[in-house]
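The chain that follows stands alone, in the form predicted alone, written as structure tokens.
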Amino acid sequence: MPSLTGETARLTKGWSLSRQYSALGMLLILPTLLTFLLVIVYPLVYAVYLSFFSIYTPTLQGEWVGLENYRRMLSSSEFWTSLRTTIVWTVSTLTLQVVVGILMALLLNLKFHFQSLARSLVLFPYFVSTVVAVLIWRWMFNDVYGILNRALLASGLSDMPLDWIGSMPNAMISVVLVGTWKYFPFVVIAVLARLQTIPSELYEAARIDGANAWSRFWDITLPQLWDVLVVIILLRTIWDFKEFDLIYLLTGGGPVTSTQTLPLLVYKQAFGMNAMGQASTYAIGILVVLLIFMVLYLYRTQGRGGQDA
């Protein structure tokens, strides 16, 4: 019986060297290609397929309705309200993440004792499980024994406890604050890494010319950070827009539907209303919005890669 090596050698005997390298390359990327098709392409195509049906979730049985689900989505006030809530949440938390992240990175870039310890501690929220983070903040927001209400009462800033997550606009403010606390360390990591590569000669020349701290930040630091900030904003926009677990665990979309974002609406339609087809339609709507940011991100990163090359 011929060995496997001998059989392979016989089959490739008439191939040129470049053709053998091409076959080896295809063989090596085949597992990645199959994984991509199974994990990304198949669920995406199946979601598009489901969006043309009226499907009962427990049985996954239904009938073809064509574009009816899309017509309902575009004429649904709940969809547009959830889209507006998603935009408010994304813009608010992203703005605070970038501002707090830049300020914290500037502080951590200074020379002081226990600098390494401070840099480690500031990353703590990013590594904490979302479930644990939400439990901690729900305890702090509690209107009976929460530390925030006790601090407000003790300082005299309020005469009575605030309902942090049970009324508007407190609920949205609370969600934005928790989201900022959870994800601003990502901005710190990226900005701090870029700060350490800015040549110190630029600041020395600015000091000689009499530039104050604000002028050095505005004319040197911020332009040097711009490329990193654009990538951070695009990535965080994509991630915040599709955020589900933090908002669902903290408010469940309430009070009523005041903090219900599009991902929560998809979950509600799929498992609360048992309308898998309509939920798939909303999910496709989210995908279309995210594709815009993904194209911008790819354009930005590939354009930057071309300039670097």
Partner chain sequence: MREDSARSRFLISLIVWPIILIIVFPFIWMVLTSIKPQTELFRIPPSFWPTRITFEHYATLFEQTSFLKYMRNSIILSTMTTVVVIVIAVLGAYSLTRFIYPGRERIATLVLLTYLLPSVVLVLPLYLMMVRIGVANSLFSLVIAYVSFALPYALWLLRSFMASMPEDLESAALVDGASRLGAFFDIVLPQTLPGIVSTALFTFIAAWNEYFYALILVNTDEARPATTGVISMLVTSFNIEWSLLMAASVAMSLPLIIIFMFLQGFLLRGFAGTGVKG
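Residue numbers count along the first chain shown, from 1. The shown structure was predicted, so the numbers you read here are calculated from the model rather than taken from an experiment.
Another form, the form predicted together with its partner chain, is not on view; read the next lines as being about it.
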Q. Out of Ile173, Leu74, Leu222, Leu121, which one falls within 4.5 Å of its partner chain in the predicted complex, going by heavy atoms?
A. Leu121
Q: Quick one: from Phe79, Tyr203, Phe217, Trp239, grab the residue that has a heavy atom within 4.5 Å of its partner chain in the predicted complex.
A: Trp239
Q: Just one of 86-94, 209-217, 104-112, 155-163 has residues with a heavy atom within 4.5 Å of its partner chain in the predicted complex, so point it out.
A: 104-112
Q: Check whether Ser22 has any heavy atom within 4.5 Å of a heavy atom of its partner chain in the predicted complex, and answer yes or no.
A: yes
Q. Applying a 4.5 Å heavy atom distance criterion, does Leu117 contact its partner chain in the predicted complex?
A. yes
Q. According to a 4.5 angstroms non-hydrogen atom cut-off, is Ala193 in contact with its partner chain in the predicted complex?
A. yes
(Q) Can you tell me whether Tyr46 touches its partner chain? I mean in the predicted complex, with a 4.5 angstroms heavy atom cut-off. (A) yes
Q) What residues in 244-266 sit within 4.5 Å of its partner chain in the predicted complex, counting heavy atoms only? A) Phe244, Asp245, Tyr248, Leu249, Pro263, Val266
